[in-house]
Ligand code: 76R
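Quick heads-up: it's one chain on its own, the form predicted alone, in structure tokens.
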Amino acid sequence: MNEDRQIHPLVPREGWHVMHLFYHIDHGQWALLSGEERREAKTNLTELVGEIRATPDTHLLAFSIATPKADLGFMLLTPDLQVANQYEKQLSLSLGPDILTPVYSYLSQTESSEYTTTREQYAEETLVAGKGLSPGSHEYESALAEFDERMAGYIRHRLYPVLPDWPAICFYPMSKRRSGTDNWYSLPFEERKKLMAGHARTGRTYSGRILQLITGSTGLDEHEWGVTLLAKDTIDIKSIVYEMRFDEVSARFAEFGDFYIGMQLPLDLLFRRLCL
């Protein structure tokens, strides 16, 4: 068998793969290591984090989990699933073979939304019908160009995000309900789009306080989406989730998994927080 045969990349046509990884630390095993072994283990993880963050189109967030659900969390974004898989295995063993125990993980992909307003819809419904602008006029063309620029930035963020180092991070998976009359997938597209538009309006009121990244996981993991919220204040996380639950799209159709709350920290502070 040819051991050097090429490993084919698994890169989606658009977007990146996203892994959320959560671990418990076995402090009993850690206590058995000598001081030198502990320093080597922390150096190994530090160098691995640096290597991952230096990989093109790759981002890695590291955070301490606020409750005993887990101790340490990572959020890894990278195009190639082969690369994501390699880094995930290395992260799991980075402090030694018996130190980190995976307690939860989630695989998804960045994606654009099927409910995004198209250029044609914006022109017809907003510019012509809503504002009374004439196609071809200076005002019409200027507004359309502004829309194109705004939507290009929005889609770029959804597919290829750059996430800030805001201290608070929240992750939870969710699905749309498929039960009796509350079957999301039996609704006409226009009704689903209208419901999602109301949901989005709520989200926009938190601009500057919450950065939200929704990643798709249908066929990849146990739920249909992963939701990552970054914030400077946990009250904004609590508030946006609470407020959105009154939107019909959540109140009637949403089903949620467990919530994980963490705090992004530089590695030296993260090690101290984790008592390593």
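For clarity, every value in this text was computed on a predicted model and none was experimentally measured. Residues carry their position along the shown sequence, with the first being 1.
The discussion below concerns the form predicted together with the named molecule, not included here.
- Interface residue among 93, 103, 200, 123 relative to the named molecule in the predicted bound form, by the heavy atom within 4.5 Å criterion: 200.
- Of the listed positions (196, 144, 163, 128), a single one reaches within 4.5 angstroms of the named molecule by any non-hydrogen atom in the predicted bound form, namely 196.
- From the list 94 to 102, 108 to 116, 79 to 87, 130 to 138, the contact stretch for the named molecule in the predicted bound form under a 4.5 Å heavy atom rule is 108 to 116.
- In the predicted bound form, the named molecule lies within 4.5 Å of some heavy atom of residue 212.
- Interface residue remark: residue 250 is counted as part of the site for the named molecule in the predicted bound form, having a heavy atom within 4.5 Å.
- Looking at residue 204, you'd find a heavy atom of it within 4.5 angstroms of the named molecule in the predicted bound form.
- By the criterion of a heavy atom within 4.5 Å, residue 159 is excluded from the residues contacting the named molecule in the predicted bound form.
- Using a 4.5 Å cut-off to the named molecule in the predicted bound form, each of 225, 240 and 244 places a heavy atom inside that distance.
- Taking a 4.5 Å heavy atom cutoff to the named molecule in the predicted bound form, none of the residues in 23 to 44 make contact.
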